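Following this are structure 1 and structure 2, which are two forms of one protein chain, each written alone as structure tokens.
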Structure 1
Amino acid sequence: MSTVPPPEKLFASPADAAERLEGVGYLTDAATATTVYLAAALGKPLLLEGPAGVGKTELAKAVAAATESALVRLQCYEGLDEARALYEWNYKKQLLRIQAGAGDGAQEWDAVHDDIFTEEFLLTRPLLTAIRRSEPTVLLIDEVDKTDVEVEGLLLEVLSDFQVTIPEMGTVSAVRRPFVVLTSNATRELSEAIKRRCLYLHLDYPDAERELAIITSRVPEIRAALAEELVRLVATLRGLELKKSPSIAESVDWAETLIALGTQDLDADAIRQTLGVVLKHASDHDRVIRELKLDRV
């Protein structure tokens, strides 16, 4: 029978969460700060869903930095399996152990079998690593929507009971509950079983005021007027429903690019010359140049 460790008291209140996240460079809104606080207070995994580039992964990193926790990351992809997510056995080392036992001819197979399925031969992967840590830990399960549905089954035991079952060794239960963040770009619908175990937060692109604050905090040397121009232009680009809209990080990159070039005004020439910072598809370039009439200047 599992004993789930009590939740960590990472934040004193939603306001404390907002302040400490801002202290590590992540500017948040009230809804996000409140949900982060509740996920920590209730000990529930936090499912972040929203378009790519809105800061989902960065939020997990910010929670780790703000709480002085280690970040353990499971990057999900199509074809991810138990051996890469949970654990696997060190087969080469096991084979050497078997060969060594056979050499002296003294050991029975049962003894060798019991020996090779022990801690010495176990290779831990992110989920098991996070469960076994006794220090503060943020477990980031990134882009969970890219995995197969079967992988979600592997996550259920971790997300509900904070434990992992290894048939040869038994159940490994957490001694300290990690703060768990799952991110999804909503490329497919996640199972209800996963959602039931999590608090849910949909992150979208920030409003103009918050994006301006993010850019000026990350690139303090940018002029206020130029930053405002940049924020308005990025909002316009996102409204065009491009193949890939500019992310927050790319907005910051664009601001740094303008500073590096000594750009004072975001005129047509400056936009054309630097579009590659935020647009990564030729079709998006063509559409923006056409929609903003940059080819007529």
Structure 2
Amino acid sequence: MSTVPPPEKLFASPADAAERLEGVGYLTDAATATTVYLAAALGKPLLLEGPAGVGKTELAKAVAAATESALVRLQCYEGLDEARALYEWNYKKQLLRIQAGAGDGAQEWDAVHDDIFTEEFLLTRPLLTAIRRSEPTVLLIDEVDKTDVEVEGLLLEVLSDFQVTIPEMGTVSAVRRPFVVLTSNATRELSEAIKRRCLYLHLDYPDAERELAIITSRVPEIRAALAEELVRLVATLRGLELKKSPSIAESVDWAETLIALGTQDLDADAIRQTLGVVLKHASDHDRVIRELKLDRV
């Protein structure tokens, strides 16, 4: 049996989590703070799902910053394999080692053959790195829905037992349990097995109050009235059944654009000119102009 260390006390309480995340510039709501606290307290991986641009990756970074942990990131993509996620043998170095020992006779062979599968020739990739670190670590497995199903199987071992089996070396267990965050845009349904091992949080667009706070903290130059107007407008856009609803990232972009252009008031003209910052589909564009009656002003 593996000896995985018990979960660490990263946060004292949900309120403490909220406060410390806010301290590093990430404003949470109660549910997010509670879930982050629980993930740390129970030592379970945290699966974050939700539309693009609502701050899933940011949350992982914020947890790392708030707990003074290092962030180890595994960016997932189609075709990601064990060699890039877990570990790889350094072939070139192994080859050199063999060549360096060549010619010394047969008795050398045994030594070499045990030699080339040791620590020295191991290239650790994010998953193994995170497990072997003795300092506090946040492991971010980003966009896990982009991987193939086989990688999920690989993750299962890592996530449930915090251990990795390397055939040539044996099983490597975690020295210290990392705080694991998985993010997903839900382009693919993840397997039940993964979900069962994780705490689940669906991050959605924030309510008006929190969005206002986020915008004013990211773009401090913005006037309160303009920010309020912007938040109300973004909320309206999200209600319009667009192909791609504006995310927090995009409303922050919008605020920055307005500041850069020196716009004082969010009137129809200003909106029409800057709509491209928040909407990324031509049909959405037309739709908004029509629904908000921007063409009639």
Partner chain sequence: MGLVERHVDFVEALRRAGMPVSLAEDLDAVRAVTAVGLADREALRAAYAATVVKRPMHRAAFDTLFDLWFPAVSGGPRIPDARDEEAQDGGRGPDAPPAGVPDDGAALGNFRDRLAEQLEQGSEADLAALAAEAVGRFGPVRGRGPGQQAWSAYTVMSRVQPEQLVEQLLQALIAQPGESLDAVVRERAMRTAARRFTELVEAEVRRLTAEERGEEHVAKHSVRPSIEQIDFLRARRADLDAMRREIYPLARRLATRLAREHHSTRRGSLDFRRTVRASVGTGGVPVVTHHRPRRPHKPELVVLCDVSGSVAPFAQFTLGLVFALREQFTKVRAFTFVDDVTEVTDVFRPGGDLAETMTELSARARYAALWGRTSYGRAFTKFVEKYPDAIGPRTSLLVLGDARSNYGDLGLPHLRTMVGAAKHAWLINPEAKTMWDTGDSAVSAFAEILQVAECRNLAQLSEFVHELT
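Here, rigid core means the biggest group of C-alpha atoms that superpose within 1.5 Å across both forms. Numbers follow structure 1, counted from its first residue as 1. On a predicted model such as this, the values are computed, not experimentally measured, just so you know.
Structure 1 is taken from the form predicted on its own, while structure 2 is not. Domain motion between the two structures: of 269, 145, 34, 204, the residue positioned at the hinge between rigid parts is 204. Here the chain acts as two rigid units, and between the two structures the smaller unit rotates by 10°. With the core fitted, the CA of residue 284 sits 4.2 Å away from its counterpart between the two structures.
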